[in-house]
Structures are given as C-alpha cells and as structure tokens.
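Coming up is one lone chain in structure tokens, specifically the form predicted on its own.
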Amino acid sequence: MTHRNNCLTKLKNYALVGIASIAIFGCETSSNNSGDNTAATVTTAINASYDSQFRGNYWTKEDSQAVYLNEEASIDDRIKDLMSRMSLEEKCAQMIQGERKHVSDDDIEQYGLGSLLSGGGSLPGDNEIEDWQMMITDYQSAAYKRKLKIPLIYGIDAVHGHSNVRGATIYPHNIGLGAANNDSLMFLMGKLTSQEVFMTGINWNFSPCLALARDPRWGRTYESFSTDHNIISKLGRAYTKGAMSVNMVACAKHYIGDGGTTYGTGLGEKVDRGNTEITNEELTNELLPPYRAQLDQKVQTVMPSYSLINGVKMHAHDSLMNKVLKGEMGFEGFLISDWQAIHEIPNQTFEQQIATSVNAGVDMLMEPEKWKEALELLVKNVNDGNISLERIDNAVTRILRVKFESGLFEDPAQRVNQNKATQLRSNEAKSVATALGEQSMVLLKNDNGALPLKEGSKVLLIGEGSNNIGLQCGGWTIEWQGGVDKDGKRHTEGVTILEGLNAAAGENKMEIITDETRANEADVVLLVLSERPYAEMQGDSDDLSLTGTHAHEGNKDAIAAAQKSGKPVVCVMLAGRHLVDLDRHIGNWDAAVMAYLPGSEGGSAITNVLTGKKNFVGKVPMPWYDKIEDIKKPSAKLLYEVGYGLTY
C-alpha cells in the first residue's frame, strides 16, 4: 500500500507541471531530474523506469536470450519456445481469470494467473485514471517477478464507452445504435472507446454484444442492436474493426442465442439465462451471420452465453463451440467463459463442470472468486485423464497468441502505447457520441407542428430524466446495474437535457422553465419519461408500461402534470426497450420521441434534434409491441414496425 501511495503522490505532482499523460507510465524517476521538468528529461526518466520495472529488475541473462522474449522472432516461434518451458501448472494458470477484488499482487506472483478482470462497478481507489494505471502496473510487475514473465491480459466491460470509469465518454446503448444504424460512426466509437480503455492500462474489452433480442421483457434488450441480423452484423463488424484498428482485443458475445430465450425458462421463471428454442435454419441464417462478420475482422476472443440452445447450456455445447465456431467457421482466438457461468451446467460437481466446459471448447475460465479452486481442479482433471494435455496445449496456445499479437509482452501495462487517448471525453469523442445520440432518436409522432421547438417559445421541462445523467446512461454505467444522480452528485460526467436546452436557449431565443407552477406561461410542455437503470437479471420484467415496475417512480406525476397544463405536449422517452401501453398515452401528446439511452452527451443530442438543428434519422430497430400478450405471437399486433421513424 505504501508503494502505491508514494507513486500516486508523485503522479499527482507531475500533473501540476502539465506532464501527467507521460508521468502515469511509471512511478520511478531518474536521479538527475530534480527541479528539471522538461519533456525530454521526463521522457528519459520514464523510459528508464520502463526498462527497470519490467525488464532490468527481473530479466536474467537467460531471459535476454529466450526466443519468446525476442520481439523480432515470429509469433509461432515465440509460442513454441514459451510452451516448451511451461509446466502443467503454469499452462493451467494461463487458463484462469480471477476478479481484481479477489486476487492480490502476491497471488499473481505465486500462481501466475493468465488473466484478471474488473466486474461491473469493481473500481480501484478513487476511480481515477492514476488508480487504474497503478493497479495494472502493480499486477504486471508481480507477473514479471515470476520466472517466465508472462504478462496478464486484463479484461473489462466497456460496453458503451469505458463505462466503469467516472468521466469517460458514455455512448448510447446498443438499441439506440441500432436505430442510428451508422457503421462509420460505429467504427469511430470502437476506436475512441479503445483509446480511453488504454488510458487505464487495459487492452481487452468484452464487447461488442451481438444479441438478437426477441423479447423486450429481457433486461438486456438494450444490449442488442436489432432483431435484424444484417444490422447486427454491420454494426458489430464496424465496432470491432474500429477497436482492432488501434490493437484493442475485442470480444464477440454472447455466443449464441442469448436474446431469443423463451419467457419462463430463465432465472426466476423469466427470460435471462433461459432456453432458446430454434431450428437449424434459424441458427444458420439469423444467429451465426453476426459472428461470421466478427471472424471476418479477425476478432480474437469470443464469450459464450449463459443461456441454452434447445436445452443444452452453451458453456457445455461441444458442437456449437468446437465443431461450428472453431471448426467450420475457423475461429483461431480463444473462448472466455462468462462470470461463473460454468457453475450453471446442471447436475455436475465443480470439477466435472470444469472438464465439461473445457472439453466443449472453453479456453479460459472466468472464475472471479473461485479461481484458486478452479486452477487446482483443472490440473487435477488433466492428471486424472478427464482433460487431455493436447486440449490444454491448444487452449494455452490460443491465449498466448492473443497476448503476443496484442503486444502485451512488450508493453504489459500499456504505458508506452501510442494509441491511448490523452484525456477522457475529448472533443472528438464527445462529437462522435453526440452524433450517435442524434441519429438514434426516433420520431414516433409529430402533430400540429409541435416539433421542432419554435424560436422564441417558452418551454416547460418536467420529468426526472430531464436533468439526470444516470437516467440518460442506464445500466453498465459506473456500476453493474447503473445508478442515478442524487443528493446533488452526478453519477458521471455529461450533459443533461436541461443543460443542453439552456445552452441552446440563447441562439433559439427560448426560455426554459422548470417551475411547474409557471405552467400557464409555457407555450409547450417537454415531458421526459424514464426507466430506472437496470442490467441483467434485475432488468427482467413482465410490466413494461410507462408507470410499471421498472419505470421511474416520478413518471406518473409527470404525465398527470403535462396533461393538466392544457398545453401542447412533446414527450421524450429514455428507455432501454420499447414500452407497451404507449397508445394509452400518446393520444394526449402532440409529439413523441424515443431517445433510448443516449449516454453522457444525450442532452446535447436531444436538444439538437428537438430544435431542428439536426433532423431525425433514427428508425425503430426491433418490433414495438402494443401489449405484453402480443410478444412473440406469430402475427402479433405491432404499434410500430421495424424501420418506422418520421423526419421533419
């Protein structure tokens, strides 16, 4: 702890002289830089620190001659040389991933785990860039103290921006990105998100999600681009292409069928982690194409789904993982299990679950808490003949290939990575996030010329979502289930709808009113309705109404206040899925906009389209059902078809 605190103090001192972006690469300094803060001196010191910390302090004469540590050698030769030096225990350790809260630096030095991750909301220190960089540096230093000096690969769910980190750019969730359907912007999102992830010393992002969501009762619906596999393929491919253009390791998930589970077969007899009943034709023509598109981009990792396909848990599905993905489709990267997912393989002990999943094709086990037991049992399975050494060698070869390809052996803590961003929420990142937000807006109704908002008008803004970053961003933001602004503290940085409108008020000669007692003065009411943030499991619901179990508790009063005003009403909905019973309310509104979950720049994006600075281009990306009972009916009544969306 003393080491980290001393380093952090030095880093913050560096920031005072304007060189924090260089200083965070290391905490050791040369002896001759006291009082000399020129860029050249600092760069020299940092380079010396890099050599000292990751090579000079730990490398022996034998290491300097090892083929696998020679970056000039071919990757095949490096893998062959390293594998020849590894014991069974060291190989098995490469196949284990623990969670940072349950793994110490000493554990890494002792056991040599191949990987670590941060779960949703698992944050070091004060959640500052320096805290992340220091944590990764310490973990990688521990790995380098081992004889073979194999760096960790550290993973994180940066699913709509680097969303664990306060102040990062938060992009719209996938459902909104599907409405925008702009692959050029998706490429930039993949690239810019990766650059912010690199700032924290991490080079593996568990994204993109390629779910084809068929039931809005699923709490992960917003993680799906669309029910159209062509849209999913196009946007997922563009995102991964952007990520890999700067050498980020991407992860296609969740293979396969996660969005098609039958209601009643999942956890709590709902949707999540349930059974997907599907024909071979549907599997081939609808679910596999997005993954083929990922393999076209040479995606390096794939994560299986918690769910089942026709009664078989995906983490135990030998045919779909080994025969189809690795065999017929030619996937050359490695498969990483989802969070403790193998524990859900039924009627087996933990030891048997490990053997079943590894033999079915899983190469790395995400075991956040039981990593030590998993390692012991993996070795035991090999010694007992339940898993062949050939299978272990294949898995480890795949893992090492990704580590070599991504440059981890040369830059384990991403300290000299030229691709990382220099700041969070750069002007470029905010611009791309705003554009994606603008294009994700779907205009559902616009009667009586209600939109765009008229120059010189007085706008009464009501609804909790009108001034709440947490409600704009939804789940998987800072915390696993997301959160809301409260007690005057923002959940993360961004622009609220109120702030966006106030910023544009002068140019548009508008007055923004937030005092409902002044309703009689307003020309129009802007009603903002929201869902409370949620994520997997907790987000499943069979009540998708505007005032239902997952709706914000203030919606009911806001709807009543808007109607009571007697003024024209424009409604903006912040939600991660299409809400039902909308037809019961929309007749009372002159205009209605589905904004989905537009992210940190949502206030600017919404303002730009409401004022007419930008036009509406978003289209409904999945069926919008009228009633709950219509979901999945063969000829269901739809409120809006896929592709619906008005423009000015």
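Just count from 1 along the sequence shown to find any residue number. This structure is a prediction, so every number in the text was calculated from the model and none was measured.
Below, we refer to the form predicted in complex with beta-D-glucopyranose (BGC), which is not included among the displayed structures.
For a residue to qualify, one of its non-hydrogen atoms must sit within 4.5 Å of beta-D-glucopyranose (BGC) in the predicted bound form; none of 171, 187 and 430 qualifies. Proximity to beta-D-glucopyranose (BGC) in the predicted bound form, taken as a non-hydrogen atom within 4.5 angstroms, holds for one residue of 459, 375, 303, 287, which is 303. Out of the listed residues 575, 408, 558, 117, 117 is the one that sits within 4.5 Å of beta-D-glucopyranose (BGC) in the predicted bound form by at least one heavy atom. Heavy atoms of residue 339 reach within 4.5 Å of beta-D-glucopyranose (BGC) in the predicted bound form, making it an interface residue. In the predicted bound form, beta-D-glucopyranose (BGC) sits beyond 4.5 Å of every heavy atom of residue 331.
Remark: residue 273 counts among the residues lining beta-D-glucopyranose (BGC) in the predicted bound form, judged by a heavy atom distance of 4.5 Å or less. Interface residue remark: residue 263 is not counted as part of the site for beta-D-glucopyranose (BGC) in the predicted bound form, having no heavy atom within 4.5 Å. Comment: 474-482 is the region of 224-232, 474-482, 438-446, 134-142 lying near beta-D-glucopyranose (BGC) in the predicted bound form, near meaning a non-hydrogen atom within 4.5 Å. Applying a 4.5 Å heavy atom cutoff to beta-D-glucopyranose (BGC) in the predicted bound form picks out no residue from 428-462.
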